[in-house]
Structures are given as structure tokens and as C-alpha cells.
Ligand SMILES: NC(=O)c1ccc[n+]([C@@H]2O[C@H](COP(=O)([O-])OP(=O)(O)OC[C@H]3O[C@@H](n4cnc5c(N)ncnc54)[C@H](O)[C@@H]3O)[C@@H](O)[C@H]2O)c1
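Given as C-alpha cells, the chain that follows is alone and in the form predicted on its own.
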């Protein structure tokens, strides 16, 4: 029998068989199963019907890719999946408030662990997961997708080369058509930690990732303003889109087409029979009960003086500049436009050099602009002993920064020391 670790088929157990676990990561595993020597061996979801739907979807993808069907065990308790001998790698894509109950025992089990961002919904749970990772000496891999997207990796290389001089300022502009945050379980902090935590942790991780190039140190303080100014509660709001006859731009319905990097429209017929609002994907954006923000302006100061800002809302239009990253250095500036896969570079103080770098990967049209395909490749390498490109320490720091920004907003924009 070969001792080559690459010859072993890695059994993958997925905890949380929703959009992220199945449509993104699971689908990529199914498409690349033979190439990466992976197989899916277990699902965990507290709604059993969702596992049946997930298995049908992934077996269909695997068949189309020329891979065999998966023999999958179903569990409703994460601990049962974690203890399954057929599971070598545990993928955790459950709602954020359920991360700790799965991640901590998974890390302690010694098995390889992937945890989707954000690390947790509270600072307490974030620290507990990070502590379990450190005490078990079992680093996990996290799903900050910008670190796996070709244009962002190219941008990181450009900045590392010194092409714009010493990095001094960073700005993420995120004007997003993401009404789903008010239509799904994300609408309450008790389950998601807030839309800012869910989406904004990507951006604080980006700040820290690029800040490392300039030896930025940690962020030391933050002030932020935000709240709700579009998705405001209405007394006569319906419960669900399925019950509504309004002409509403945020309507979600069965079999609407998916759009790149968002879940709007990703509703199958099974959700229409759900009675629990947290399991629906068509909650009215105007109904009561949501305690999350629909916009924010956030500003961080780092130890070495770098300033980073996030301009964010989730009621923006669909447009090709929904998300941009701008970096300013002592010799130039760079703007990355995510949906176009373009990097606009000005160097030499703007006197001699201006270029536009087109860097879409061949997989740009796939989920998260090719990042999920690359992520699954990284996960497969990680499962065989490669170093994690981003572990729980980065996850804790990203959420620490975002949760402090939310505190600043709650307290009227006061400066919060980090």
C-alpha cells in the first residue's frame, strides 16, 4: 500500500447543507473529486429534507463531471458527523451562531477543519474557537474568498513588489445588491452576528492581509456610523414574498435566476413549505424583527499609521463596480474592480505610468469569481498536510475589528479602542 498521502482519498463531511456548503464548496468538490482525490461522505443538517436535496444536487454535478455518485451518511447532530470514521476533513458552513458548537469539537478531534467566515457571531465565541485551535495545535483553514481570487492575488503581488511605494491608505467600496441579508437567517444578530460581520469580515481580513505587506501591526481604534435607512420596518409589511403582491425590487421567488456572488433568487420550492422564518429565504425586507444594519461607513487606524476605510451598503444596484479596493502608496495608487476582474495601476507619482491589468481567471464565471474552485484545491492540499493560507487567528482579528465597528455604530459613532 502506498505511503504517499496524495494517494489517499479524503472523505469530506459537510456541516450545513445550504447555499455556501453545497452550491459553492460542495459543487466544486463534486466537479473536482477525481482530480483532487476527494469524496463526500457525510452531511449534517437539522432539517433532514435539505440533505436529500443537497445530495441530489451534488450527485448530479458529479455525474456531469464524469465522477461517481457519493455514498453519504446523514446526521442531525454535528458530533455524530465529527466522530464518523469516514470523515477526514470537516467543512463547517452552518449559520454563524452554530459555528462554535461544531468547530470546537472538530478541532479537538484532530481532524482537518475548514470553517467558513465569519469565525463566529460574537467575540466570545470567536475567542473560544481560536483558543480551541491553539490548544489542539490543529490549525484550520478559513474561507475568506478574496484570498483565493486571481485579481486579488495579483494585486497583492503588485503591492508587495513596491510598485506604488509604501502603502498608506486602504478603501473598500461595497455597494451591494444584497437584500438577502434581510430575507434570510442573517437578519438577526443572534444568528448571524449581523450583515456587517458576515460580509464586512471579508474586508477587514483584506485590510489585515494587505497591511501585513507594510508591517501595519494591528488595528488600534475604529469609529463608525451606520444603521438602517432603506430597509426600514413597515407596520403593514407581509411576512414573506410568497404572500405579497407588491411590485417590489427586492422580491424573491421560486426558480428565479441566480446572479454572480449573491443568493438573491436562489430559492427552491422546498422553502415555501417552511414555517420557521429563519429557514425561509423570502422574508420581507420591511417586516419587523431585523436588528442588522443596511449601511455603514467605518474607519480604522493601524499601529504604524495606515488608515483603512469601508464604505458599505446592501441596497445598492446591480452594477459592474459593486465592490472595489483602492490602495494608496507613497508613489502611486491601485484600484481593483472585482466584477470586471481589472486592476487600474498608477505608479511613478502619476508622471510616467498608468496601466490597466486584466486578470480574470478561466474560472471567473464560477462561484465567487473562481475563488471557490481555488479554495477547494487549497482545502485538498491542506487536508494532506499543506499549511493553511488563513487560519483562525486571522478570523478572530477580522471579526474583532467588525464587531468593534458595530459597537461604535450602536454608541453613536464613538471611537472604540481595539
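Everything quoted here is computed from the prediction, not taken from an experiment. Numbering follows the first chain given and starts at 1.
There is another form of this protein, the form predicted in complex with the named molecule, and it is not shown here; the text below is about that form.
A single residue from the set 179, 126, 93, 283 has any heavy atom within 4.5 angstroms of the named molecule in the predicted bound form; that residue is 93. Note on the partner interface in the predicted bound form: the residue among 398, 15, 405, 12 having a heavy atom within 4.5 angstroms of the named molecule is 15. Heavy atoms within 4.5 Å of the named molecule in the predicted bound form are found in one stretch of 168-176, 203-211, 237-245, 143-151, which is 143-151. Residue contact check for residue 116: one or more of its heavy atoms lie within 4.5 Å of the named molecule in the predicted bound form. Remark: residue 185 counts among the residues lining the named molecule in the predicted bound form, judged by a heavy atom distance of 4.5 Å or less. In the predicted bound form, at least one heavy atom of residue 101 sits within 4.5 Å of a heavy atom of the named molecule.
Although the partner is absent here, residue 198 lies within 4.5 Å of the named molecule in the predicted bound form, judged by heavy atoms.
Within 4.5 angstroms of the named molecule in the predicted bound form, the stretch 362-398 places a non-hydrogen atom from 368 alone.
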